[in-house]
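What follows is one chain in structure tokens, specifically the form predicted on its own.
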């Protein structure tokens, strides 16, 4: 049985009335997650994406959520100011049916990490760089059941196997295991 623990839940609330589509959030996110940090800017690495309809002046920032191994069954449409949008456009998941929120080189799923490498107490960079305060960072404490998520490791390994092949991944894992083996 899972143990209940208090956990800080971090979220980003989006105020669409304030977003002007400047994409500063995408730029800083991709630069922050570049290797090494801030060395390049590739919006495909960003954990936040701007969905836009320029003729109607509608901008919707969507940040990356959980990976899902299967496509969802819902193919709902949204009508906003007379323009029809596909549900996938607003979806935060990385899934097999689209390339959004996947690392462009490896194909591994991306997920917003709230810029976890920042010093304690700092807001995620997309929130800090949002000039119109359309992105609002919030924290709340909740009691949650804490389970070890083995499926997260399996998802990562499955993606690596798809890209590099089973034998290559096994070889690398064996070499890594040798390096971490305690001395006798």
Partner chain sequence: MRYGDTGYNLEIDLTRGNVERVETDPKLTELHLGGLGTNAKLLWDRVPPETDPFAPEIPLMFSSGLLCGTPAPGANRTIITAYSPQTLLMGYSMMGGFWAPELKHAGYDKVIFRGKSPDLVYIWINNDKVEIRDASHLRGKGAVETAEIIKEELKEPNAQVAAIGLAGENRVYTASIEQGRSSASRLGLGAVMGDKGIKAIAVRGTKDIYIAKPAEFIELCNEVLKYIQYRNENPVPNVMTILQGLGSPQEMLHVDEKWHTENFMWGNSRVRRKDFWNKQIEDRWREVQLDVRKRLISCYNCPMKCGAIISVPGLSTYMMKCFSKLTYTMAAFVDDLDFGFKIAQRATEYGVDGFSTPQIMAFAFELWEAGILTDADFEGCPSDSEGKFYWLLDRIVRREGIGDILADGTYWAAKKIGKGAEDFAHNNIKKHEQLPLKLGMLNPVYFLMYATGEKINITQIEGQFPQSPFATMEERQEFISDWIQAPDEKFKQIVLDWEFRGERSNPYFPTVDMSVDIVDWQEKMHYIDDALGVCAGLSSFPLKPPYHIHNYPKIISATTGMDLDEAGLTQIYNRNRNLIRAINVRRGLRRIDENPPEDHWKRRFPELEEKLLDAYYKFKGWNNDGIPTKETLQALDLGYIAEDLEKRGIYDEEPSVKKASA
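We call the rigid core the largest set of C-alpha positions that still match within 1.5 Å between the two forms. Numbering follows the first chain given and starts at 1. The model shown is predicted, which means the values in this text are computed figures rather than measured ones.
In what follows, reference is made to the form predicted in complex with the partner chain, a form of this protein that is not presented.
Residues within 4.5 angstroms of the partner chain in the model of the complex, judged by any non-hydrogen atom, belong to 43-51 and to none of the other stretches in 111-119, 151-159, 43-51, 65-73. A residue is said to contact a partner when one of its heavy atoms sits within 4.5 Å of a partner heavy atom; residue 131 meets this definition for the partner chain in the model of the complex. Residue contact with the partner chain in the model of the complex: residue 23 places a heavy atom within 4.5 Å of it. Mapping the unseen interface onto this chain, residue 140 falls outside it, with no heavy atom inside 4.5 Å of the partner chain in the model of the complex. Looking at residue 28, you'd find a heavy atom of it within 4.5 angstroms of the partner chain in the model of the complex.
Once the cores line up, the CA of residue 113 ends up less than 2 angstroms apart between the shown form and the other one.
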